[in-house]
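Here's a solo chain for you in structure tokens, the form predicted alone.
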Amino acid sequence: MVQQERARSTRAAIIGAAARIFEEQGYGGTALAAVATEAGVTKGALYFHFPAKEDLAVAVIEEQHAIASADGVRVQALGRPALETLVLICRGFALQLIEHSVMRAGIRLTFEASAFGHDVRQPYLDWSTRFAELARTAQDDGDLRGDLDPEAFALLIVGSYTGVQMVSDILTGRQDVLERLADLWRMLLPGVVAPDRQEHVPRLVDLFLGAP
């Protein structure tokens, strides 16, 4: 048991160190020797857990998706209305981008995945499916327009978030990512919220920004 815990701890340390270096250097600029040094482990320990750099990159992407998914589950467990839940899940993802190098590294590696031949579609498919389900429930609740295509709306959210956070990263190192994503909600919600629920739009934007 102690040995297993030590192995898990070593693996986590390696992933954390790799995330910090991948975030700064990208896949091509990252050397496994540098990761071992950053993690405080021997090269042998690193190769035991990750025989090749692509294995380590995939592990960072998977950890990024696991962190985001776990927070999504936490938000859904709050039992709030579906549209509020969707907004809060998106807020959580934005905060994770600001706070966690694993999240930022996972995003960068996703866009560099052609360098190591990894299929990165699944996280995007997972989020699109989850958001479509929430959109359908929000329609049933009367919060979203009845003529809205839930699948198209979900893909729009995923695609818009991807683009907005990328531009924020390029222009400000994501220092303004919350504000730019709030702008997205301000402009998007009036077109998708049901006509008799339009008064809720400012509150939903405030919810994204952290209002209770």
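Given the structure is predicted, the values throughout are model-derived calculations rather than measurements. Don't overthink the numbering: it's just position in the shown sequence, from 1.
What comes next is about the form predicted in complex with another copy of the chain, which is not displayed.
The putative spot formed by 75, 99 and 137 is not touched by another copy of the chain in the predicted bound form; no residue has a non-hydrogen atom within 4.5 angstroms of it. When contacts are judged by a 4.5 Å heavy atom cut-off, residue 30 does not count as touching another copy of the chain in the predicted bound form. Within this chain, residue 167 lines the site of another copy of the chain in the predicted bound form, having a heavy atom no more than 4.5 Å away.
Remark: residue 202 does not count among the residues lining another copy of the chain in the predicted bound form, judged by a heavy atom distance of 4.5 Å or less. Residue contact check for residue 13: none of its heavy atoms lie within 4.5 Å of another copy of the chain in the predicted bound form. Among the residues 34, 66, 52, 171, the one placing a heavy atom within 4.5 Å of another copy of the chain in the predicted bound form is 171. Site annotation in the predicted bound form: the residue of 45, 59, 184, 177 reaching within 4.5 Å of another copy of the chain with a heavy atom is 184.
The partner is not shown here, but in the predicted bound form the stretch 116-131 reaches within 4.5 angstroms of another copy of the chain through a heavy atom at 120, 121, 124, 125.
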